[in-house]
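Read the single chain below, which is given as structure tokens and is the form predicted alone.
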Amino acid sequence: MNTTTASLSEKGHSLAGMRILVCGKGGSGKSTISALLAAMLLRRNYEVLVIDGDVSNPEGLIRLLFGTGVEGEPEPLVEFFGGLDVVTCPVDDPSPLTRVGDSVPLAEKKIDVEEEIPPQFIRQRGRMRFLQVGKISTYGQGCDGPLEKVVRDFIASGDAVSIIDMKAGVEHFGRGIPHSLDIVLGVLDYTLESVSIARRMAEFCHQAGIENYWLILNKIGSDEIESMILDKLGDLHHRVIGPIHFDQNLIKLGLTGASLEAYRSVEEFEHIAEQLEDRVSGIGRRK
């Protein structure tokens, strides 16, 4: 896209250039929501950068977006920055991520994905680019902190909305990863564990000064279940931007290994993108 972030925002594209972290309990559907959100934003004429930050899931987003397994994954993004022997854990060493041979932090000189990142690190379809930070691939590989530092500091220039699918739980909050993100999007399924994690994430976001913390209810089977979850959320219910209902067709796609491109009901989720745009435009971008 040739339009600037400012001009996109003026046209109602309030998410242009923002970084969205998708997180929540294991099995809540984070990867599916990330893929659906990418599809929604593409339909709304955004440029989208999807980053697989789940270091444990061996396929995850690559299957949902492209219908392929690990054989179709691009090379790990951590290798672009020198590999695990160079990139450090953000807890042991909070110093910012830099390019190889360049001491300027990425936050000060953002990455031009099209010009700087070699093609072996990217899978692309239309206005969507997909990258993955890396995976736990061998026994005894060690701390995954270096991979999370790539998630924390990989800031792309331009208008693309970055959607980052994060691993389950709240460990990345302990490492301060969301501090550099514009939006934290929590995914809840129909369990008390999801509600508990949502509350914990809300407290962490408050401590970090993150106002754009929103929730999606996923795998909702009935209005009664939705009402029960909202009741359990209590004062967090106003953070919910919409439910995603349980859908057998989506389950079948997951079992066949087909990409969500074959899922023809993406328009059912259009209200999620609308709500997210509206909520974010009311708060604005992080300073």
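One-based numbering along the sequence shown. This is a predicted model, so every value here is computed, not measured.
As for the form predicted in complex with a small molecule, it is not shown, yet the points below apply to it.
Inset, instruction - Counting non-hydrogen atoms within 4.5 angstroms of the small molecule in the predicted complex, say which of Ile241, Leu42, Leu250, Leu236 makes the cut. - result: Answer to the contact question: Leu250.
Inset, instruction - Would you please decide whether Lys25 lies within 4.5 angstroms of the small molecule in the predicted complex, comparing each non-hydrogen atom pair? - result: Yes, Lys25 is a contact residue.
Inset, instruction - Please run the contact check for Arg63 against the small molecule in the predicted complex: heavy atoms, 4.5 angstroms, yes or no? - result: Close contact is absent here: in the predicted complex, Arg63 is far from the small molecule, nothing within 4.5 Å, heavy atoms only.
Legend entry - Ser259 within 4.5 Å of the small molecule in the predicted complex, heavy atoms: Ser259 lies outside the contact set for the small molecule.
Inset, instruction - Although the small molecule is absent from this view, report whether Lys232 comes within 4.5 Å of it in the predicted complex, heavy atoms only. - result: No, Lys232 is distant from the partner.
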